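This document contains two forms of one protein chain, each encoded as structure tokens and listed individually as structure 1 and structure 2.
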Structure 1
Amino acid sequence: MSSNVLVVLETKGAGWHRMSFEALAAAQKLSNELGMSCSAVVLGEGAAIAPLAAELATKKLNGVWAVGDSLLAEYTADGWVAALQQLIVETKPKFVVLPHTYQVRDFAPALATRMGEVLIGDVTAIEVADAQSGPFFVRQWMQGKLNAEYRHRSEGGVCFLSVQAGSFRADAVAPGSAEVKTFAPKLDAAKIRTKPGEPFREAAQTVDLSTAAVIVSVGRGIGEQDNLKLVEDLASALGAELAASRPICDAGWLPMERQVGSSGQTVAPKLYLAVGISGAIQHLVGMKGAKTVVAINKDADAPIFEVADIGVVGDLFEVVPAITKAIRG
């Protein structure tokens, strides 16, 4: 079972890391536009990854590789690099797509280097003018102020890329059916130099906005901290998470864990309500993956309206309470 595009999915506990299916969506897009086949791979201990491989087999893929070994039961960079290198040599993909997670940032540069290649990291878009000239991979510079296009130039080598959170939608993954095959890498315990410890867990109070389906985000237009209750009530009525632009968090009005933007969290909710947010590029970087954006701002020329699906030009102190009242009936 060979593939032109191979996507490496990451697990978390007994399930998937939230970015895995975003990477799968990116891989499917790349393979579709280039007219190539696409396969997926999951690594771990054999019995543990069997149900995950079976789930992947319900997606539009050429095949699914279950790469199993007792030395892969817990993540180590050495183990993942050795196993994936062997699979890549065996299957000879042209592109290897990964989610841009902390784990991938740990092992993927070493894997690419081992293969004599480089990693194009944190890709936000894939552009294919025609299959013959190959794809461009878009990365952002200067906190999203500039976009740069990268093209893989290595003759006959593998192109490694990781995709930024929120840049591709997990719900865009196409269903289908695929064959599951097992791959047993030859691993040497003596060459795995690190021992896995307890998985990193952030503070208990930390909010993971990246998993929220609905977000109400507030900016400087709220005026002062005492006015936050307006957007808190709207978020409560919608069952949404409350977020903010950087000035709100810098002022200490909301904790930093609720900041959306280039120096905060990257989100991709089904609905993003931007209340009193002008739309600076640093903020747009963090919420560009939202499926539907509703903006409320009194400035008709605010940049946020350029990305909004629905724009309300008006005084948020009148508009927000009216929306909250309508939702609550």
Structure 2
Amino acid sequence: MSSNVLVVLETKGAGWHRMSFEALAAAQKLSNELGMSCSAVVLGEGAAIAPLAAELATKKLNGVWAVGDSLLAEYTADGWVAALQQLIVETKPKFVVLPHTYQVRDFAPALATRMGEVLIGDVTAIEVADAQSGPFFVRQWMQGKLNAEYRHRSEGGVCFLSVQAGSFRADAVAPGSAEVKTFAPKLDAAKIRTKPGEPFREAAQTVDLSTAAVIVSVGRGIGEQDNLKLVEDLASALGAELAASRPICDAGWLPMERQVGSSGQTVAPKLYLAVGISGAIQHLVGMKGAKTVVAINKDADAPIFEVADIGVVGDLFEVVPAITKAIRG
């Protein structure tokens, strides 16, 4: 079962990581447009992944690899790199597609390096102009201010790419049927150098932003902690919860539990008013579900305007107090 596109899916608990099927959709698109076959792989402890592999067998794939070993019961970079390298050497894919998760960030660059390759990471689009020149992959530079088109060029080598959250639609995955095969990697416990502990949560959260109807969210544009009063006033005039981008919480200006984004809370309010936030992807993934997005930013090219329904290009120190005053009448 040699396939030209191999997609690596990620598990979470007894089920899937939500981005796995986005990666699968990207891999199906790539293999379709290149006229290549496509296989999926899931790694873990044998019995634990069997039902997941069976589920993959109902997708449009040329095969499903269940890579099982007791040393894969919990994730380690060393275990994942060794097992996947062996599968790749054995099955010789031309493209390896992964979801750009924290786990993938942790092992995929090492896997690519071990094979003399470079991961093209956090890809937002895959374009196949013609099968001859091969596909190119779009990824962001300067936190979303620019798009860069990348092509893989090591002849005969494997092209590794990871896809950004939300760039491919999980519901686009085509159904079908595929055969499940097991692959037993040769792993050595002594070569797994890190010892992972159980995941835990720090303090219990006391603010639940996920149910808030109106959110005023503040970013680094606010400049100083003392200026927060401006957005607090706006939030109170609107009856809104106050939220923030990561740098505001990193600096300790607002508690961590008010952070929105990939490492904070995911929100879906009726109104999300972003003040002085640039719109990096890690922030956007946390608030894209908002019904209406209003952005206030002095930079007309800020990526936040890509998701804003209503935009104000201007200085927040003038605009925000004016809005508060207008609401209060």
Ligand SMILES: Cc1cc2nc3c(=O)[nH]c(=O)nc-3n(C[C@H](O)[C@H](O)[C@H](O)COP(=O)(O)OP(=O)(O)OC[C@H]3O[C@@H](n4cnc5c(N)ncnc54)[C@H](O)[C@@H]3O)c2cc1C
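In this text the structure is predicted, and so the values were computed from the model without any measurement. Structure 1's sequence is the ruler for residue numbers, which start at 1. Here the rigid core means the biggest group of C-alpha atoms that line up within 1.5 Å when the two forms are laid on top of each other.
Structure 2 is taken from the form predicted in complex with this ligand, while structure 1 is not. Shown in the overlay between structure 1 and structure 2, fitted on the rigid core, is a CA shift at residue 63 smaller than 2 Å. Superposition of the core reveals a Cα shift of less than 2 Å for residue 98 between structure 1 and structure 2. The rigid-core alignment places the CA of residue 9 less than 2 Å apart between structure 1 and structure 2. Taking the core as reference, the Cα of residue 269 moves 12.4 angstrom between structure 1 and structure 2.
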